[in-house]
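The chain that follows stands alone, in the form predicted on its own, written as structure tokens.
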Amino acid sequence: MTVTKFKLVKNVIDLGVNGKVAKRTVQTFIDCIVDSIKRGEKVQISGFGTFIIREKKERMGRNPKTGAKVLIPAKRVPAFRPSEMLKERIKKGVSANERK
């Protein structure tokens, strides 16, 4: 099962928030994370994890069809590092609603 943006919005609506406000809230949250990591800032959410940009260096690759060597350019890629608390909750199988 996949958690979609629609399901996230539905969860916010289930808390008693108006549908339009819930949709705007989820979208604003996502936009804030994306805009921050695009600027190279790290986004740290306590108890959840950290979103960062990783710099991949230029490297030599190989075309799988021809076997020819190809230069792969340097690039920036988004990455996520889960917090220790998140790792522990996953390990124990504890959901947010069961947490004490």
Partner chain sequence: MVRSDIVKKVAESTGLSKGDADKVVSIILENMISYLEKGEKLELRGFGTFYARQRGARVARNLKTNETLPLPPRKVIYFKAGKDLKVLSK
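Just so it is clear, the model here is predicted, and its values are computed rather than measured. Residue numbers count along the first chain shown, from 1.
The following text describes the form predicted together with its partner chain, which does not appear among the structures shown.
- Using a 4.5 angstroms threshold between heavy atoms, T66 stays clear of its partner chain in the predicted bound form.
- Looking at I72, you'd find every heavy atom of it more than 4.5 angstroms from its partner chain in the predicted bound form.
- Heavy atoms of R62 never reach within 4.5 Å of its partner chain in the predicted bound form, leaving it off the interface.
- In the predicted bound form, the residues of 44-65 lying within 4.5 Å of its partner chain by at least one heavy atom are, in order, Q44, I45, S46, G47, F48, F51, E55.
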